[in-house]
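Below sits a lone chain in C-alpha coordinates, taken as the form predicted on its own.
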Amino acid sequence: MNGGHPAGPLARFLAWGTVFYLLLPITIVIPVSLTDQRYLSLPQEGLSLQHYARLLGSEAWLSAIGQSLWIALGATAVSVVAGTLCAIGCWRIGRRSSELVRVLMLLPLIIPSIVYAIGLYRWFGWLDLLDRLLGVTLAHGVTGIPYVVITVSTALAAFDPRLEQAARGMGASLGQTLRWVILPRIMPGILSGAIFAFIHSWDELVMVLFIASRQVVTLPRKIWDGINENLDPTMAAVAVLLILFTVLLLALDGAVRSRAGR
(Lines give C-alpha, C1' and ligand atoms only; values in the text may rest on other atoms or scores of the structure.)
Protein backbone atom coordinates (compact mmCIF):
# COMPACT_ATOMS: atom_id res chain seq x y z
CA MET A 1 0.00 0.00 0.00
CA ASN A 2 2.34 2.69 -1.32
CA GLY A 3 5.15 1.67 1.01
CA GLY A 4 2.90 1.43 4.08
CA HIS A 5 1.71 -1.57 6.03
CA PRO A 6 -1.50 -3.27 4.84
CA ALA A 7 -4.54 -2.83 7.02
CA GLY A 8 -5.08 -5.61 9.51
CA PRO A 9 -8.30 -7.62 10.00
CA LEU A 10 -9.40 -5.42 12.90
CA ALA A 11 -8.94 -2.21 10.90
CA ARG A 12 -10.89 -3.65 7.95
CA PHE A 13 -13.63 -4.86 10.26
CA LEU A 14 -13.96 -1.43 11.87
CA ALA A 15 -13.94 0.30 8.48
CA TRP A 16 -16.65 -1.90 6.99
CA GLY A 17 -18.62 -1.81 10.22
CA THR A 18 -18.63 1.98 10.09
CA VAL A 19 -19.77 1.91 6.45
CA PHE A 20 -22.68 -0.44 7.21
CA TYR A 21 -23.61 1.59 10.30
CA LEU A 22 -23.90 4.72 8.16
CA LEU A 23 -25.71 3.07 5.25
CA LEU A 24 -28.14 0.80 7.11
CA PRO A 25 -30.64 3.53 8.11
CA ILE A 26 -30.65 4.79 4.51
CA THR A 27 -31.24 1.35 3.00
CA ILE A 28 -34.16 0.67 5.38
CA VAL A 29 -35.97 3.76 4.08
CA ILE A 30 -36.22 2.24 0.59
CA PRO A 31 -38.41 -0.79 1.46
CA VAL A 32 -40.44 1.35 3.85
CA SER A 33 -41.26 3.71 0.97
CA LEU A 34 -42.59 0.67 -0.96
CA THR A 35 -44.82 -0.57 1.84
CA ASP A 36 -48.40 -1.60 1.13
CA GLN A 37 -49.51 -0.33 4.53
CA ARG A 38 -50.94 3.09 5.46
CA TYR A 39 -48.35 3.69 8.14
CA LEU A 40 -44.56 3.57 8.36
CA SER A 41 -43.63 -0.09 8.25
CA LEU A 42 -41.95 -2.69 6.10
CA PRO A 43 -44.10 -4.25 3.33
CA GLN A 44 -46.42 -6.94 4.63
CA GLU A 45 -47.98 -8.57 1.57
CA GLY A 46 -46.08 -6.98 -1.33
CA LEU A 47 -44.38 -3.92 -2.73
CA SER A 48 -46.43 -0.88 -3.67
CA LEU A 49 -45.78 2.45 -5.43
CA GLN A 50 -48.91 4.05 -3.98
CA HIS A 51 -46.97 6.44 -1.77
CA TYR A 52 -44.88 7.71 -4.68
CA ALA A 53 -48.10 8.27 -6.61
CA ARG A 54 -49.56 10.10 -3.63
CA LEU A 55 -46.45 12.27 -3.45
CA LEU A 56 -46.62 13.22 -7.12
CA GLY A 57 -50.33 13.97 -6.81
CA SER A 58 -50.14 16.01 -3.62
CA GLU A 59 -50.22 19.78 -4.06
CA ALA A 60 -48.81 20.31 -0.57
CA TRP A 61 -45.76 18.11 -1.17
CA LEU A 62 -45.12 19.51 -4.65
CA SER A 63 -45.41 23.05 -3.30
CA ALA A 64 -42.84 22.24 -0.60
CA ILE A 65 -40.49 20.77 -3.21
CA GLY A 66 -40.92 23.84 -5.41
CA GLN A 67 -40.24 26.27 -2.56
CA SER A 68 -37.17 24.31 -1.48
CA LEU A 69 -35.87 24.32 -5.05
CA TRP A 70 -36.27 28.07 -5.54
CA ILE A 71 -34.80 28.85 -2.13
CA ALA A 72 -31.83 26.53 -2.74
CA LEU A 73 -31.16 28.09 -6.16
CA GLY A 74 -31.32 31.62 -4.77
CA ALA A 75 -29.22 30.73 -1.73
CA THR A 76 -26.64 29.04 -3.95
CA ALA A 77 -26.34 32.17 -6.08
CA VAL A 78 -25.79 34.30 -2.96
CA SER A 79 -23.24 31.84 -1.57
CA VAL A 80 -21.30 31.52 -4.83
CA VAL A 81 -21.03 35.25 -5.48
CA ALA A 82 -20.16 36.24 -1.91
CA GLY A 83 -17.95 33.22 -1.18
CA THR A 84 -15.99 33.46 -4.43
CA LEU A 85 -15.34 37.19 -4.04
CA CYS A 86 -14.31 36.68 -0.41
CA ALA A 87 -11.90 33.86 -1.29
CA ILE A 88 -10.34 35.81 -4.16
CA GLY A 89 -10.03 38.94 -2.03
CA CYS A 90 -8.30 37.04 0.77
CA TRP A 91 -6.01 35.36 -1.76
CA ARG A 92 -4.99 38.66 -3.31
CA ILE A 93 -4.37 40.35 0.04
CA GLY A 94 -2.27 37.46 1.33
CA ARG A 95 -1.90 38.85 4.85
CA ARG A 96 -2.68 37.58 8.32
CA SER A 97 -5.83 39.69 8.29
CA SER A 98 -7.09 37.61 5.37
CA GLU A 99 -6.74 34.47 7.48
CA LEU A 100 -8.92 36.13 10.12
CA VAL A 101 -11.52 36.88 7.46
CA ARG A 102 -11.52 33.24 6.37
CA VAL A 103 -12.05 32.13 9.96
CA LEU A 104 -14.95 34.56 10.33
CA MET A 105 -16.49 33.18 7.14
CA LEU A 106 -16.45 29.73 8.73
CA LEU A 107 -18.46 30.83 11.76
CA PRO A 108 -21.79 29.57 10.35
CA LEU A 109 -20.27 26.08 10.37
CA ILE A 110 -18.77 26.45 13.84
CA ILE A 111 -21.70 28.04 15.66
CA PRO A 112 -24.58 25.61 16.43
CA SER A 113 -27.45 26.04 14.00
CA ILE A 114 -29.98 26.68 16.75
CA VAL A 115 -27.89 29.55 18.15
CA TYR A 116 -27.59 31.09 14.70
CA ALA A 117 -31.33 30.59 14.12
CA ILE A 118 -32.23 32.43 17.34
CA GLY A 119 -30.08 35.38 16.28
CA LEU A 120 -31.67 35.40 12.83
CA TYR A 121 -35.14 35.32 14.38
CA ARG A 122 -34.49 38.52 16.31
CA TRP A 123 -32.71 40.24 13.42
CA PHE A 124 -35.22 39.24 10.74
CA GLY A 125 -38.05 40.34 13.01
CA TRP A 126 -36.71 43.91 12.86
CA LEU A 127 -36.26 43.67 9.08
CA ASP A 128 -39.71 42.16 8.46
CA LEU A 129 -38.17 39.10 6.82
CA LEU A 130 -39.80 36.44 8.99
CA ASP A 131 -41.82 33.87 7.04
CA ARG A 132 -40.61 35.31 3.73
CA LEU A 133 -38.94 33.50 0.85
CA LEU A 134 -36.36 36.27 0.71
CA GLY A 135 -35.53 35.87 4.39
CA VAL A 136 -35.05 32.09 4.16
CA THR A 137 -33.01 32.49 0.96
CA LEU A 138 -30.69 35.03 2.57
CA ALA A 139 -30.31 32.89 5.69
CA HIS A 140 -29.40 29.82 3.65
CA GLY A 141 -27.17 31.88 1.37
CA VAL A 142 -25.13 33.28 4.26
CA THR A 143 -24.70 29.89 5.91
CA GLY A 144 -23.68 28.40 2.57
CA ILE A 145 -20.82 30.85 2.05
CA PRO A 146 -18.27 28.78 4.07
CA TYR A 147 -18.58 25.86 1.65
CA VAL A 148 -17.74 28.12 -1.29
CA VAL A 149 -14.91 29.86 0.56
CA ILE A 150 -13.31 26.50 1.41
CA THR A 151 -13.50 25.02 -2.09
CA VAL A 152 -12.51 28.22 -3.91
CA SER A 153 -9.62 28.87 -1.51
CA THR A 154 -8.39 25.33 -2.18
CA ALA A 155 -8.56 25.97 -5.93
CA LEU A 156 -6.72 29.28 -5.55
CA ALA A 157 -3.94 27.59 -3.58
CA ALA A 158 -3.08 25.66 -6.77
CA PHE A 159 -3.37 28.73 -9.00
CA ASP A 160 -0.12 30.06 -10.49
CA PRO A 161 0.00 33.82 -9.73
CA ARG A 162 2.35 34.30 -12.69
CA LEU A 163 -0.64 33.82 -14.99
CA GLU A 164 -2.29 36.87 -13.44
CA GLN A 165 0.94 38.85 -13.66
CA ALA A 166 1.33 37.93 -17.32
CA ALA A 167 -2.24 39.01 -18.09
CA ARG A 168 -1.79 42.34 -16.31
CA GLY A 169 1.56 42.81 -18.06
CA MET A 170 -0.16 42.42 -21.43
CA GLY A 171 -2.56 45.23 -20.59
CA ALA A 172 -5.57 43.33 -19.26
CA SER A 173 -7.65 45.18 -16.72
CA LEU A 174 -8.47 43.72 -13.32
CA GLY A 175 -11.94 42.76 -14.51
CA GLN A 176 -10.60 41.12 -17.66
CA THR A 177 -7.97 39.22 -15.67
CA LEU A 178 -10.63 38.00 -13.25
CA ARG A 179 -13.01 37.00 -16.04
CA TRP A 180 -10.61 35.35 -18.50
CA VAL A 181 -7.71 34.11 -16.34
CA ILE A 182 -8.67 33.57 -12.69
CA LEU A 183 -12.28 32.39 -12.86
CA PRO A 184 -11.75 29.70 -15.54
CA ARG A 185 -8.88 28.24 -13.53
CA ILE A 186 -10.84 28.04 -10.29
CA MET A 187 -14.20 27.10 -11.84
CA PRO A 188 -14.07 23.50 -10.50
CA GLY A 189 -13.76 24.89 -6.98
CA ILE A 190 -16.64 27.28 -7.59
CA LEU A 191 -18.85 24.48 -8.93
CA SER A 192 -17.99 22.22 -5.98
CA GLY A 193 -18.84 25.00 -3.54
CA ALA A 194 -22.10 25.66 -5.37
CA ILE A 195 -23.08 21.99 -5.12
CA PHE A 196 -22.40 21.83 -1.40
CA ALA A 197 -24.18 25.15 -0.80
CA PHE A 198 -27.20 23.83 -2.71
CA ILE A 199 -27.25 20.60 -0.69
CA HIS A 200 -26.96 22.61 2.53
CA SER A 201 -29.95 24.78 1.64
CA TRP A 202 -31.96 21.83 0.30
CA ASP A 203 -31.59 19.88 3.58
CA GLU A 204 -31.60 22.71 6.14
CA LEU A 205 -34.35 22.57 8.77
CA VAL A 206 -33.39 24.29 12.03
CA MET A 207 -33.37 27.87 10.71
CA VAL A 208 -36.61 27.31 8.80
CA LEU A 209 -38.32 26.24 12.02
CA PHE A 210 -37.39 29.59 13.57
CA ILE A 211 -37.81 32.11 10.74
CA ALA A 212 -40.70 30.56 8.77
CA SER A 213 -44.16 29.37 9.69
CA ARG A 214 -47.14 29.27 7.31
CA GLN A 215 -46.10 31.07 4.14
CA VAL A 216 -42.77 29.27 3.65
CA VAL A 217 -42.89 25.49 3.97
CA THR A 218 -39.74 23.85 2.63
CA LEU A 219 -39.43 20.13 2.04
CA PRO A 220 -37.53 19.39 5.29
CA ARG A 221 -40.15 21.47 7.16
CA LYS A 222 -42.94 19.50 5.50
CA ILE A 223 -41.30 16.23 6.54
CA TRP A 224 -40.89 17.55 10.09
CA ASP A 225 -44.55 18.54 10.27
CA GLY A 226 -45.54 15.14 8.91
CA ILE A 227 -43.56 13.35 11.59
CA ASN A 228 -45.26 15.39 14.31
CA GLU A 229 -48.77 15.06 12.89
CA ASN A 230 -48.86 11.53 11.46
CA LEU A 231 -46.59 8.76 10.23
CA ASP A 232 -47.51 8.88 6.56
CA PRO A 233 -45.29 6.56 4.45
CA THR A 234 -45.21 9.32 1.84
CA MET A 235 -42.39 10.78 3.93
CA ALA A 236 -40.33 7.67 3.21
CA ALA A 237 -40.91 8.15 -0.52
CA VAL A 238 -39.76 11.75 -0.18
CA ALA A 239 -36.70 10.60 1.75
CA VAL A 240 -35.74 8.16 -1.02
CA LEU A 241 -36.03 10.91 -3.64
CA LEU A 242 -33.92 13.20 -1.44
CA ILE A 243 -31.25 10.51 -1.11
CA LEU A 244 -31.17 9.93 -4.88
CA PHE A 245 -31.00 13.65 -5.58
CA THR A 246 -28.18 14.16 -3.08
CA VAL A 247 -26.24 11.19 -4.48
CA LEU A 248 -26.58 12.64 -7.99
CA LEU A 249 -25.24 16.00 -6.79
CA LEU A 250 -22.31 14.32 -5.04
CA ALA A 251 -21.61 12.29 -8.17
CA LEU A 252 -21.62 15.53 -10.15
CA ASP A 253 -19.16 17.02 -7.68
CA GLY A 254 -16.95 13.96 -8.04
CA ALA A 255 -17.05 14.29 -11.83
CA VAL A 256 -16.09 17.97 -11.59
CA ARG A 257 -13.17 17.19 -9.29
CA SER A 258 -12.05 14.30 -11.48
CA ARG A 259 -12.10 16.46 -14.58
CA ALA A 260 -10.21 19.23 -12.80
CA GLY A 261 -7.51 16.79 -11.71
CA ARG A 262 -6.68 15.78 -15.28
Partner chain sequence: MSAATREAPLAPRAGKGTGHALELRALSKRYGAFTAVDAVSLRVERGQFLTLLGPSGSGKTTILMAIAGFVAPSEGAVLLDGRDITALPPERRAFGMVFQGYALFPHMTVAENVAFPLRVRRLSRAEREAKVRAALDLVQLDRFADRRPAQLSGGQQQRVALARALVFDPDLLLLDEPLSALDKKLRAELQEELKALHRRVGRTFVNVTHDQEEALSLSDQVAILNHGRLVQMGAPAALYERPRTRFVADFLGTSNFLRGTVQEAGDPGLALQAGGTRLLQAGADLPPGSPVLLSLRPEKIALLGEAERAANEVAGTIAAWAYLGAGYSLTVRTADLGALRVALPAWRAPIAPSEGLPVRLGWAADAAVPVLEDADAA
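Predicted model, so just to flag it, every value in this text is computed and none were measured. Numbering follows the first chain given and starts at 1.
There is another form of this protein, the form predicted together with the partner chain, and it is not shown here; the text below is about that form.
Q: Flag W180 as yes or no: does it have a non-hydrogen atom within 4.5 angstroms of any non-hydrogen atom of the partner chain in the predicted bound form?
A: Flag for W180 set to yes.
Q: When the contact criterion is heavy atoms within 4.5 Å, does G169 count as touching the partner chain in the predicted bound form?
A: It does: once the partner chain is placed as it appears in the predicted bound form, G169 has a heavy atom within 4.5 Å of it.
Q: Although the partner chain is absent from this view, report whether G119 comes within 4.5 Å of it in the predicted bound form, heavy atoms only.
A: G119: no, not in contact with the partner chain in the predicted bound form.
Q: Contact between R95 and the partner chain in the predicted bound form at 4.5 Å, heavy atoms?
A: No, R95 stays farther than 4.5 Å from the partner chain in the predicted bound form.
Q: Is it the case in the predicted bound form that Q165, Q176 and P184 each bring at least one heavy atom within 4.5 Å of the partner chain?
A: Each of the three qualifies.
Q: When the partner chain is placed as it is in the predicted bound form, which of 184-192, 127-135, 149-157, 72-80 ends up with heavy atoms within 4.5 Å of it?
A: Only one stretch qualifies here: 184-192.
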